[in-house]
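The chain below stands alone, shown as C-alpha cells; this is the form predicted alone.
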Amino acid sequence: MQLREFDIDGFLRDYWQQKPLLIRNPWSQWRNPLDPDELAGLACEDHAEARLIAQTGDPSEYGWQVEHGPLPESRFGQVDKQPWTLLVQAVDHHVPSVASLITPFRFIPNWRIDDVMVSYASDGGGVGPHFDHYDVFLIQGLGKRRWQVGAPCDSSTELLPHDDLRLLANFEPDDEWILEPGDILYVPPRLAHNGVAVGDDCMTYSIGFRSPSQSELIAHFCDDVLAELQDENRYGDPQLAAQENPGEISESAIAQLHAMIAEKMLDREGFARWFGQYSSTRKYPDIDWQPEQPITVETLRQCLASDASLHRNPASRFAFVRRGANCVLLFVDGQCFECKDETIALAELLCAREFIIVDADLRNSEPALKLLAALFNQGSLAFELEA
C-alpha cells in the first residue's frame, strides 16, 4: 500500500509534531484489511491486549466502564444499546494485512513506530476526549467517525478521575471532520481530540509512534548501567589534606564524585548500544515467536537458493547504529549483532525492507548466513507469512 500524491517532505516540514492534517482517501484503492468478526475473535485470545469501553450514562467519570481482555465470546452478544467501543492493541503483530498499513509511513524511523491499534465502535461509541503523548495516524477503515481536535495539553491539564481512561475534564473543539473509509487524520502529540462513531460498523486503525520521556530514558539506562558496575569502584582520596572545617564537602570531592557518575552516564557509545537494544525490544517480549525447529546454515542456504523471500516478523523491531565506516550494530528484538564487511549491507537491507530475496553473493557468505539463521531462529525472520 502506498499513498498517492502525498508530499512527505512538506508533511514533515509543516505538520509533523506541529498541527493536525486531514488526508482525504489517498489510497489507489482502499480495502478494509480486517473483518469486524476477526477483530472480535482476536480480543478473545490470551495474547491480545484488548479493552471494551461502554458508555453507561452521562460522559463523566461515572459514565465510562472499561473491561479488559481476553473477553469471552459471549460478551459481544450481551452488549446493550448504549454506545460501546472495542480496542485491540498491536493487531499488526498478528494480521499481516494490518501490518501493511505501516508501510506508507516508513519515512518515520523504525524505532519510533509502536503498533497499530484497531477499534470497532457502535453508533456514538468512542473513548472520550483525551490527549496522547505520541503522534498518531488515524485511518478510517469502515463506516464514519467524527473527529474533533482542541487545544494543546500538558501535565497541568485537568483530567476526570478514572482508573483506566485519561478523560479531559474540559474539552472545547477548535475543528472537526467526518472521516469516511480510506480517510486519514494525523494528530500530533498532546493535542486534545475526540472521536465518535457516526452510525454502526465504525472501524479505525491507529498507527502510533513511540516518544520516550526523559524520566523513562534515565530510569532504564540507569538500570542497565547499574547492572554492569563493580562494587569495588569506589571513591578514594589518597592525597587527602587536613581541612580547616571538617563539615565542608570540598570542591575537589564534589568534582571527583560527579565524575564517577558522569563517566558512565555520559558514555555515548554505551548509551547508543543500550538504546538500540532497549528500543528494539518487542512490545510483548513474553510471546514466543521462535520456530518449532531451528534452521541450520546449510538448510537456510538451500532454501535461499530457490529465491525464497525472507519476511520480517511484524512483531519484530529492526534498527541499526553506524560504528564508523566498517561496522554497523544491528538491533533486532533487543539483541545486538555486530556487522562488518558484507553483513553491513545486509543489516541495512533488513532494516529498510519488510521482505528480501538474498542475492547469490550473500548466499555464499558464511557471516551473512549465520546472521540470517540467528534471526530466523529467534523468530524475527520467516519464509512465509499467512495472508
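All residue numbers are counted from 1 along the displayed sequence. Because the structure is predicted, anything quoted here is derived from the model rather than measured.
From this point on, the text means the form predicted in complex with a small molecule, which you will not see here.
Residue-level contacts in the model of the complex: of 225, 304, 108, 117, one residue has a heavy atom within 4.5 Å of the small molecule, and it is 117. Distance criterion of 4.5 Å from any heavy atom to the small molecule in the model of the complex singles out 138 from the list 138, 179, 95, 153. For the small molecule in the model of the complex, the listed stretch (259-267, 130-138, 276-284, 165-173) containing residues with heavy atoms inside 4.5 Å is 130-138.
Interface residue remark: residue 87 is counted as part of the site for the small molecule in the model of the complex, having a heavy atom within 4.5 Å. Among heavy atoms of residue 206, some come within 4.5 Å of the small molecule in the model of the complex.
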